[in-house]
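Listed next as structure tokens is one chain, alone, in the form predicted on its own.
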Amino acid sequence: MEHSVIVIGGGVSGMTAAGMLAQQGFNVTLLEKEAETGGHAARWDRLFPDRKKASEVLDFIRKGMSRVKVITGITVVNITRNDKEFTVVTRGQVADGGSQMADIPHPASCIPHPASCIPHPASCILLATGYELFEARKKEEYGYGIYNNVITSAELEDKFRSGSPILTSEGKPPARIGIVHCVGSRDEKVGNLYCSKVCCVTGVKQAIELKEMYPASEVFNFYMDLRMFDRHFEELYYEAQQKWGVSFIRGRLSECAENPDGSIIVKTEDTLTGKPLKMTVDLLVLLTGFVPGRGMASISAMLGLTTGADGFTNSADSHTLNNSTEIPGIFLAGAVKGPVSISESIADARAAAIQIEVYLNSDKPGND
């Protein structure tokens, strides 16, 4: 009997693992809540540290998914287990391979409307539901949603990807730009004590891109401490300083205000000199961190999975069984377990696919 695998989440991790499993001969269905696969990477322009196009990475992954059944625009409403088999029930706008198949109603519950729900049987499930970005409005002192010239790093990346010029709300090229690190990360006030891992290098990458677009501009990075954790990250940091003249100021912003002309007043303390600092920028960019995906909470409740104090899903063992859970047949990949980079997501998804292959083949004759 051919084993079936359900992959929940169509970002980098889910797509990578689904493609690998399908190539191994398993019947793989990928379920994605959005209208398209790609996750957050689909909104990204260039990646750190080499500034490779995100679209090239996604194209590479998608080439390996020719045997995967992709269903987008759906919601997982229930997961049940019977012995070693699972049933994942979904509802929503269903598409397969990008073409619409049916317009399924959205009832409050599928129990009184069984015809509106679709069951998907599986021998095991891979959870790759990813993450959400921290809601910058929760940091009111930074003025996001209040002042027009305060944007998030994701919004800035959207502009890079679309090729749009980076302008202030007044339609002018910004002469001075501030980039604020750790927005929603390492912040006890919002309940997120963890580091989101990729914000620092994102700030460095985006600072260089802003200088490439506007060489005469001044770009300032306001940081707590810089965490250049991976290969070539430190070199990118030096390039930003030495080649592009990006300034780095150690200190967390205390508050922002708006001038009559729309520019932003930022107040912080330069903790290297011990002096308070007040300056004006034309554009302020907030590097928002990772938070657990909203949909994962309900899935965890269905399966009885546990989460850590940070809200991300626990694996069976963070050292030796990082892709497994305490429930046989349920596996994890990518940012569902915490902040990771795209390259780490791909590697983790491949590891999860190998573990799933071993698990599914363990019941074959001769493998006992």
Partner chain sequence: MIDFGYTLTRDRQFDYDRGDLRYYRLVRSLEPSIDLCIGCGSCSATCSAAQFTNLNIRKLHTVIRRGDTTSIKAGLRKCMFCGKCQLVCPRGVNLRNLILALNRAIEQLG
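Residue numbers count along the first chain shown, from 1. What you see is a predicted model, and the numbers here were worked out from it, not measured in a lab.
Missing here is the form predicted in complex with its partner chain; even so, the following discussion is about that form.
Not displayed here, its partner chain is approached by residue 267 to within 4.5 Å at the level of heavy atoms in the model of the complex. Among heavy atoms of residue 278, some come within 4.5 Å of its partner chain in the model of the complex. Residue 165 falls outside the set of residues with a heavy atom inside 4.5 Å of its partner chain in the model of the complex. Taking the partner from elsewhere, residue 242 is found to have a heavy atom lying within 4.5 Å of its partner chain in the model of the complex. Comment: its partner chain is not present in this chain, but in the model of the complex one of 218, 85, 230, 155 has a heavy atom within 4.5 Å of it, namely 218. Only one of 290-298, 242-250, 72-80, 184-192 lies within 4.5 Å of its partner chain in the model of the complex by heavy atoms, and it is 242-250. For the marked spot (312, 344 and 347), a heavy atom within 4.5 Å of its partner chain in the model of the complex is absent from each of the three residues.
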